Ligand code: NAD
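Just the one chain here, laid out as structure tokens, in the form predicted on its own.
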Amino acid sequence: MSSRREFLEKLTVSAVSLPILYSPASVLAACDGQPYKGPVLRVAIMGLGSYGNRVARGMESCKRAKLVGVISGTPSKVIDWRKKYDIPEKNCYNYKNFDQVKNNPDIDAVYVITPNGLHCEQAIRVAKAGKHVICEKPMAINAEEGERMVKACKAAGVKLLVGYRMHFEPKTVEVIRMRKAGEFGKTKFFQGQSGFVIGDPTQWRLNPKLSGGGAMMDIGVYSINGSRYMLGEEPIWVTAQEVKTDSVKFKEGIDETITFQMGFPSGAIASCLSTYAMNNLDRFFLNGEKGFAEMQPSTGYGPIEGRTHKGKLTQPHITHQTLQMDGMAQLIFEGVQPIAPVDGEEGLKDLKIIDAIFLAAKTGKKVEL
């Protein structure tokens, strides 16, 4: 399996506003086929690879967001996208001239879907051009870069959002709702398993400068973020252990397998696995004093499957990227917040934890957060 994209393909507001996806009913209402007459977020996608294509397809069903522009270093891709999505030539840019988006009133936001190592500088350029930034996760390759991005967007007066699609996914939203309502009682334990066997050794994900790491930066971030929204707390310490069986494929700076543990203020703990060396790993488990939740697949593109102590989760499957982009448009225009944050501060929290995990794996010591 060559990438996370294939892995996931094969695996199946303001304080007075109610978030759009707090309940399955609101999810259905967002996709009920009724005409929408409100503001539409006009988006340019930067990076026209496999995931950029997936986001574009998802946006075809959006009511509140529309693909209107592209940014790419490959002219042939721009031509193909122009034809497929009826994108005007004036809304097409390359990586050298996309700063000129500042002069284009027909673009509201740019979704950065390029290799991790490019996110920081590209996002800052977008912010300086006065456009909202949506950045794929992980937001950057370390917390220092993440902080620069947050500061740049605040200085420019634009939103910085991160591609946390699971924060809009109906079954995930229901589990978070249950936890917030106290239906699991005091949460005690979270387990996250994220892994697959990566293929092509020449791909950018195995290039330290472009990826910032291996499996942890690719899929381990799901377990980190998942532990936080399922337990409803921020970790205060981490420990980690790294195993590398192929030092040629997984060169210095590219982790193959890391197991890591996190401790939380309430006493809850998390035990997680991130790997590029094992398939069939896409599972979340939450245990509380009154009940549990299990999701498998927990983060794949296809239907999420899950159950709790109350029975099977039956919320509908709706294309994640459709819900995400409509939800982000509502956040930008109306201030309506999803059940779990998707802003730059959220992305920065994950980056600080990743930095701590790498340090713990390197030193063998517990790292306080």
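A residue's number is simply how far along the shown sequence it sits, counting from 1. The structure presented is a predicted model; accordingly, all values stated were derived computationally and were not measured.
Keep in mind the form predicted in complex with this ligand is missing from the figure; the text below concerns it.
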Within 4.5 Å of this ligand in the predicted complex, heavy atoms considered, which of N116, S227, T275, T187?
N116
In the predicted complex, which of the listed residues (E174, D255, E145, E136) lies with a heavy atom within 4.5 Å of this ligand?
E136
Against this ligand in the predicted complex, would L313 count as a contact residue? Criterion: heavy atoms within 4.5 Å.
no
Heavy atom to heavy atom, is K131 within 4.5 Å of this ligand in the predicted complex?
no
Does F264 reach this ligand in the predicted complex, with heavy atoms at most 4.5 Å apart?
no
Though only this chain appears here, would G163 touch this ligand in the predicted complex if you measure heavy atom gaps against 4.5 Å?
yes
Just to confirm the contact call: exactly one of 229-237, 290-298, 215-223, 83-91 touches this ligand in the predicted complex at a 4.5 Å heavy atom cutoff, so which is it?
215-223
Scan 37-55 and write down, in order along the chain, each residue with a heavy atom lying within 4.5 Å of this ligand in the predicted complex.
G47, L48, G49, S50, Y51, G52
